[in-house]
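The chain below stands alone and is given in structure tokens; this is the form predicted on its own.
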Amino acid sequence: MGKGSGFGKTILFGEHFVVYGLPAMASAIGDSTLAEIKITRGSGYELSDNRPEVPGYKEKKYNEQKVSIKNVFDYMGLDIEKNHVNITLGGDLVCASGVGASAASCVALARAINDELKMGWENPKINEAAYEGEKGYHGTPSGIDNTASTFGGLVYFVKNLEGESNTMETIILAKPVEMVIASSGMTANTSVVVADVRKKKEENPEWFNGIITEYKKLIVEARKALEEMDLKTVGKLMNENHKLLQQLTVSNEVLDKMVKIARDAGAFGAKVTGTGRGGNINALTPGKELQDKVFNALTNVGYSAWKTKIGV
């Protein structure tokens, strides 16, 4: 039986700005998806998906998942006309928007196939296979999710707007850092939110360029602070990034309330992560005691949250 795993992820800096060719930084988190496969005689495949989920997530993604699995099989040369494959997915990564659940499953599946067939693929090839799988979910994915899921640590990502290769660097933190991720319970359509931000940019380019200028300075400082493990500065810059996202109107009253709860409980920083107008926030909470305090502050008022680590 072949086994494999893939990390979840969270975006620390740069959601929406990344669309315009500006750097973003994501991190693998301590929660992961596990895959086991067994190849026998026959044809086709069977899937047992035991991953924890927010209600309805796996059902909603089922058709995309089928395409994704086929893409990984094809890229890795696994012919299901000549082999029968049993796949079991599990792990502690909750299937939800914004935590890289699809990428984690692609990486875990690719590693399990590699293990079962003794292919000897190293991480770069696993990452390529996972990227092909991500196409089943996202059409033309950026590659940042599967890279964080495969390699761990931090990913510094810049999208090439000319269609050439994107810039992706992996950065290893000196040690993992505790974080709390909390869900608003609201779902937003990514394409709609991105289109709304673009419309605002086109209607008022001078205003938008002012925000861009602030973000360019912020991301340089953020990378330096992360590399130096200056977590107080990282938290302060997360707060500043949230203010910029508020100006882009991708936060909302619920998310702002969650961010305030996390900060009031002592989080070094807290912000929207991902699309916004719903989805999740993340809060930087170094140390188990602070992590527990922020987690309890959010869950005590009814929000779903989980404790994890970045830079794993």
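In this text, residue numbers run from 1 along the sequence as written. The structure presented is a predicted model; accordingly, all values stated were derived computationally and were not measured.
One more form of this protein exists, namely the form predicted together with a small molecule; it is left out here, but the text below deals with it.
Scanning Lys175, Lys199, Lys217, His138 against the small molecule in the model of the complex with a 4.5 Å heavy atom cut-off leaves one residue, His138.
Checked against the small molecule in the model of the complex, the residues Ser184, Thr233, Thr190, Thr170 give one hit for a heavy atom within 4.5 Å, which is Thr190. For a residue to qualify, one of its non-hydrogen atoms must sit within 4.5 Å of the small molecule in the model of the complex; none of Val259, Ala265 and Thr299 qualifies.
Gly274 belongs to the set of residues with a heavy atom inside 4.5 Å of the small molecule in the model of the complex.
At the 4.5 Å threshold, heavy atoms of Ile11 reach the small molecule in the model of the complex. In the model of the complex, the small molecule sits beyond 4.5 Å of every heavy atom of Leu290.
Contact check for Met25: every heavy atom lies farther than 4.5 Å from the small molecule in the model of the complex.
From the list 88-96, 176-184, 139-147, 73-81, the contact stretch for the small molecule in the model of the complex under a 4.5 Å heavy atom rule is 139-147.
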